[in-house]
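A lone chain, given as C-alpha cells: the form predicted on its own.
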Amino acid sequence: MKFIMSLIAAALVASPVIAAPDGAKLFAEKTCNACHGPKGDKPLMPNYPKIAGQNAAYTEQQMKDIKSGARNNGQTAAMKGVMHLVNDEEIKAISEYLVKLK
C-alpha cells in the first residue's frame, strides 16, 4: 500500500499543471484589440462596443452566439471572421479578462 501511495504522489508531482488560458494574452493574440482597442475601451468604429468592464457572462454568451450564428446581424460581421480562432475555454478566459478592465 505504501508503494502505491508513493507512486500516486510521484505521479501528482511529476504531472504538468494545466494552466488556465491567459485572457489578456488571448485578447491580443486573437486580434480582439484591433477592433475594441488595446484595453477594450476604445473601439475602432463608433458602432463597435466598449467591452472593458462588461459583464463576463454577457460577453461570453455574445461571443458564443456570434460563433454559432445564433446572433447574426450587421454588427456581428467583423466578429464572425475571427470567432473560429477561439474555443469555449478561450472565450471564457477573454470574458473573465474583460470584466477586470476599467
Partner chain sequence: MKTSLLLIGLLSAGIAFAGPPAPKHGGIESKDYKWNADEGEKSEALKLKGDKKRGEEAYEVCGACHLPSGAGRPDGTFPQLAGQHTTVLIKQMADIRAGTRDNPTMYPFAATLTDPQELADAAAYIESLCIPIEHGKYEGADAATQVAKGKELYEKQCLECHGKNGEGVKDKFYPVIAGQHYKYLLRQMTEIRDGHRRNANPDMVKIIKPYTNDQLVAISAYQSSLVMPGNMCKPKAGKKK
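Numbering follows the first chain given and starts at 1. Predicted model, so just to flag it, every value in this text is computed and none were measured.
One more form of this protein exists, namely the form predicted in complex with its partner chain; it is left out here, but the text below deals with it.
No residue in the set 24, 54 and 65 has a non-hydrogen atom no more than 4.5 Å from its partner chain in the predicted complex. The closest heavy atom approach of residue 71 to its partner chain in the predicted complex falls outside 4.5 Å. Interface residue remark: residue 48 is counted as part of the site for its partner chain in the predicted complex, having a heavy atom within 4.5 Å. Residue contact check for residue 61: none of its heavy atoms lie within 4.5 Å of its partner chain in the predicted complex. Looking at residue 41, you'd find every heavy atom of it more than 4.5 angstroms from its partner chain in the predicted complex.
Shown without its partner, the chain has 75, 77, 78, 81, 82, 84, 85 in segment 70-94 as residues with a non-hydrogen atom within 4.5 angstroms of its partner chain in the predicted complex.
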